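Next up: just one chain, as structure tokens, the form predicted alone.
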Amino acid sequence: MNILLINGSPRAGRSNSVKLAEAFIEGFKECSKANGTTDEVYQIDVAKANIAPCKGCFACWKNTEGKCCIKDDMTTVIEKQLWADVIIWSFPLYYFNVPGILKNLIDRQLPMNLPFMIDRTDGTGSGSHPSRYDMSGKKHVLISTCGFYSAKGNYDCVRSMFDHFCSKDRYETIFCGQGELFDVKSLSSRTNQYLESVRKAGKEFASGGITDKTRGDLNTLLYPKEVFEQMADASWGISKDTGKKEDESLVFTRQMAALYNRGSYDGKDRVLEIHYTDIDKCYQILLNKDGSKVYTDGSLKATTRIDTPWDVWLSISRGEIGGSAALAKKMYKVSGDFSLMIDWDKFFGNAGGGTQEEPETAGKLKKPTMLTMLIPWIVLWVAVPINGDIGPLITLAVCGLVPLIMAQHSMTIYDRISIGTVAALSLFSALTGSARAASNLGYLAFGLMWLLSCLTKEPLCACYVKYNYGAENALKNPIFMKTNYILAAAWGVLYLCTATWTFFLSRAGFGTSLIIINNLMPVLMGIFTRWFENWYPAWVAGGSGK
């Protein structure tokens, strides 16, 4: 298909609205490519075009048969409108209507009509003029952003105008509030979600029509009204109290504070103190059940403190460098309560209208659970030593039932390895009658599985706990990964040692003591794990770790 993009923004290529239009076209072309067809796109930046105002001389009606007496770029605009199958009108909302330069182009469409009076049948206006050309097969899409928190109720004039010359309900619209946020790099995670919805809308439009689900996503606010208005007010860089210009770092900190998600409040008031070391500016953000507030006088007692160069924190906010990677490289330091940093996305990353995506199995399977891996091993170590005849059969039955019991959960490779290994050891025990050997080999195999996982890109424990720290994004966090590599190695060493002392102590007749030791050590290791996973990241963040 032929697609004409009319970019009516005075900002031309810097337009936020055209970012949405480009995403829509990408989705449209993706659908066409899947169907084995191609699209040709022609873009007109009205701000760069030479289009003079209409003179109102009606020469195009009376004298020149649809040719305007003004010789400028409007000739190309009309030619491309006749060429196009789909016409996309992209523009910001200026003073409750299209920008003046686009209205000027719309006025110059007069040669495309004939002068005769006709009645309308769509209930719009009291009359019309017939089209000089057959435009019945053209599809029109209006894509626009505005500066209000919501587009609702602000596009009445736009709709009314397009009702007249496109015919009522014969064009598609994507109107988005909070449009200036698409130019803020630090908010790209949320705005990219919206752009993905626009891309999906383009794909659906090409295949027949935008679905109600996608329309709902497009009508979802980028951020709640109060959050957006706080960010918008702060963005002007002017103090509400004095009217004077504020420091750029304070403006940024106020905008960051506006992103605080009050729904994350857990009954604990927090004070985040940020010290921009290179410019020697320090601000405090109070986070409580009522929202957030920025203090500049240092009057509060900080619970968490961040010491960072201003340019580093700015780069992190823009996504130019990962926050966890910068912390691992000691580009900034954190002291005090580190739980705020661990749950940063919960406190500051989900204030938008959208929701955080679930793991890749969302809608089909729940996230993996370590129980799937552990149950076969526990049954092996309990049932087989108790009864060498029935124990292996019970363990085999459990290995067959676990996938059915955990059918709603996604399975990791370690779940499958565990079920397969335990089943093999159970068969070995049943066929040879060596219950003690099967149990001890289980400790050895379990320890090796933990240790060998340290040679992979995803250590065993990370497969399960990553969903608490951003799922796949957690694997890009150097501190998270190092923590899990250390813990995986520790658990591996524990069970290799367990296999060793079990072999010797069981031969020495320490059966009762061995049961106590083998049950106590995993409990102690579990306590250590809970402590270490909190202590180690905070230790590194404080500048002590390497």
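Each residue number is its position in the shown sequence, starting from 1. If you're wondering where the values come from, they're calculated on a predicted model, not measured in any experiment.
Quick note: we don't show the form predicted in complex with a small molecule, though the next part is all about it.
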property	result
Answer option from Gly179, Pro459, Pro111, Gly442, heavy atom within 4.5 Å of the small molecule in the predicted bound form	Gly179
Listed residue that, although the small molecule is not shown, lies within 4.5 Å of it in the predicted bound form (heavy atoms), from Pro368, Pro392, Pro376, Pro92	Pro92
Interface stretch in the predicted bound form with the small molecule - options 194-202, 141-149, 315-323, 249-257, non-hydrogen atom within 4.5 Å	141-149
is_contact(Tyr295, the small molecule) in the predicted bound form, heavy atom dist at most 4.5 Å	no
Asn261, heavy atom within 4.5 angstroms of the small molecule in the predicted bound form	no
4.5 Å heavy atom contact, Thr304 and the small molecule in the predicted bound form	no
Any non-hydrogen atom of Ser434 within 4.5 angstroms of the small molecule in the predicted bound form	no
